[in-house]
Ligand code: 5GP
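First comes one chain, alone, set out as structure tokens in the form predicted on its own.
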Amino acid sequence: MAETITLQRMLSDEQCAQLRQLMEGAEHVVLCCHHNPDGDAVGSMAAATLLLQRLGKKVTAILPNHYPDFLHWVPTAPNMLVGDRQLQRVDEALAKAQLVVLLDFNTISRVGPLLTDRLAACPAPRIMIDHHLAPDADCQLTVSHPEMCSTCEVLLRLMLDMGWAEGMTPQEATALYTGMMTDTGNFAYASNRPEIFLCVSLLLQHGIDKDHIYRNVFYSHTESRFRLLGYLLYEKMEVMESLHTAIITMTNEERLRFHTKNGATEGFVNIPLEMAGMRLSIFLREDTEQPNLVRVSTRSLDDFPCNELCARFFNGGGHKNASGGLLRMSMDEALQVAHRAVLAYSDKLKD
């Protein structure tokens, strides 16, 4: 008979006591996530905002830049400050902060050049809650669990250990589920641990409508996004059949031609993996703000290590099957780097 799976305690007694002490001394709390926020970043920020407000705190949530339009419905998201648009208010919030909570990133530079020095200079104590490898930020408390599917899972487990989940609202549960769902591609990868679905069951008990959340995220795209996707797949996707790899490139000129906003390409990197036999997908796109900066997204199946590839060739990292990075060069040069990266891992990609 199979062993019954339960949610084991995540935090130690020492971590619980330290977290309570940090929370008790803070009336004004600032939250911050990584640059180019995704569903897990926005979801964990929203859930943490609602939780802290429930605990009687004054909360300011800061996004380094704007999030994709398909996350606009997430509870509290429209009220979050956007760093590159509301910098004065960001500075005011950091000046009042008595505690800073860093969500969904492992090194402070991931908040982007505009906010890195500001966060580093803020004297308030810091807590990091994350699920990426090798956290290196200087924090009074770091809760990092790379084995978990998302920062939202880590946050939910923290709430359970601290006794804060009992009063969880449907809005908090919705935000947490959004992060778990999006960071696993609707539970298509990084989601084989039974504990994940115990968490989902718990969130269902707290009032989420998971079908509605799915539709909000995946059934809310514009015509221009689909036309851009069709163009990229037909004109810009290179398939390296013998290496089971696809590479897609997108320039700013192409993005503007199709009148799409930042975030419109979220999920494009996953699509080539739907082809039979594919093991690796690489998406190169020009940064919308800085010239000669190419952002890299990678996705893989099974045991191919995207995180190793991104650390070695793309100045990045992440998870085994979902990682990213950046290259400070032209798109033509970035494509050459991508080819070298694929060839360097040809032994792992061939049959």
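Throughout, we count residues from 1 along the sequence that is shown. This is a predicted model, so every value here is computed, not measured.
What comes next is about the form predicted in complex with this ligand, which is not displayed.
Participant: Which listed residue (R126, R157, H132, R225) meets the criterion of a heavy atom within 4.5 Å of this ligand in the predicted bound form?
Facilitator: In short, H132.
Participant: Determine which one of 7 to 15, 324 to 332, 337 to 345, 20 to 28 lies within 4.5 Å of this ligand in the predicted bound form, judging by heavy atom distances; exactly one does.
Facilitator: Correct option: 324 to 332.
Participant: How about H244 - does it come within 4.5 Å of this ligand in the predicted bound form, if we only consider non-hydrogen atoms?
Facilitator: It does not: once this ligand is placed as it appears in the predicted bound form, H244 has no heavy atom within 4.5 Å of it.
Participant: At 4.5 Å between heavy atoms, is P305 in contact with this ligand in the predicted bound form?
Facilitator: Answer no; every heavy atom of P305 is more than 4.5 Å from this ligand in the predicted bound form.
Participant: Using heavy atoms and a 4.5 Å limit, would one call T49 a contact residue for this ligand in the predicted bound form?
Facilitator: Answer no; every heavy atom of T49 is more than 4.5 Å from this ligand in the predicted bound form.
Participant: Any chance T60 has a heavy atom within 4.5 Å of this ligand in the predicted bound form?
Facilitator: Output for T60 is no: heavy atoms all beyond 4.5 Å of this ligand.
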